[in-house]
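Only one chain is shown below, in structure tokens, and it's the form predicted alone.
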């Protein structure tokens, strides 16, 4: 890895982004505020994604960064990704317990005050589409269902790579229906997403990918996912040309969520699902890396495409 001024490329790019006012460090690796120009690029790119899918007839929904703990327990996320979990905890005690909590807090160098907190009924969202499925229990129409959603995602993986934030946004199109309906959605968006990224000057490469499954069993899960070609990613160099970063993914889940949440296709079988998701912060990072930190200097074709001119 090339080192410049004692910093590896990830730390160097983070420093450049902070210096330009695009990211605001919050004292925890992977946790940033966003500057106005950075957020503006995201807003304009989202408009392009929305325009691309406008004719598909998707139902638009938006979700907060937390969701129902009981719904989380209906899926196997904890078995596959325990290292990425975010759980919400709160104080539920009385006056006596509060005094003890404050005492431990003030002595926090020696005692762990967080052990006096109780798990709330919510979890941080680990994938943007997870809050969608529980409310769809029942039988889908013959043509299936299509949703356009935007959501915050939390993954506990502190890193000095600005493209690996702990909390970020995804914009997705999620298809539910038969196997053919789901796979057709995934396959069509592979090229549509790639073409869309190319119109803003990002030369994205489509690759077969896998999720970061945890532990010894995870190696088998990764191999199976890749062998079945269930997940594809569109990757762009951001902090490494040898290991480009995924800025979008096209995933086929088979009938996993249909079984978990009793969603049926019109033929009475568990519904199959597929989604395409754009990592909005990563797309912005790729754009600033590719075209420069000042949007005024970006190629005119890109500026026009993003309505920056």
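Residue numbers count along the first chain shown, from 1. Treat the numbers as computed from the prediction; the structure is a model and nothing was measured.
What comes next is about the form predicted together with a further copy of the same chain, which does not appear here.
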| query | finding |
| --- | --- |
| Residue contact check: residue 35 to a further copy of the same chain in the predicted bound form, 4.5 Å heavy atom | yes |
| Residue 64: touches a further copy of the same chain in the predicted bound form, heavy atom cutoff 4.5 angstroms | yes |
| Proximity of residue 117 to a further copy of the same chain in the predicted bound form, heavy atoms at 4.5 Å | yes |
| Partner contact for residue 293 in the predicted bound form: a further copy of the same chain, 4.5 angstroms, heavy atom | no |
| Sole residue of 106, 180, 205, 110 within 4.5 Å of a further copy of the same chain in the predicted bound form, by heavy atom | 106 |
| Residue among 239, 170, 122, 145 with a heavy atom within 4.5 Å of a further copy of the same chain in the predicted bound form | 122 |
| Residue stretch of 197-205, 73-81, 181-189, 230-238 approaching a further copy of the same chain in the predicted bound form, non-hydrogen atom distance within 4.5 Å | 73-81 |
| Within 4.5 Å of a further copy of the same chain in the predicted bound form: residues from 23-54 (heavy atom criterion) | 24, 26, 27, 28, 31, 32, 33, 34, 35, 36, 39 |
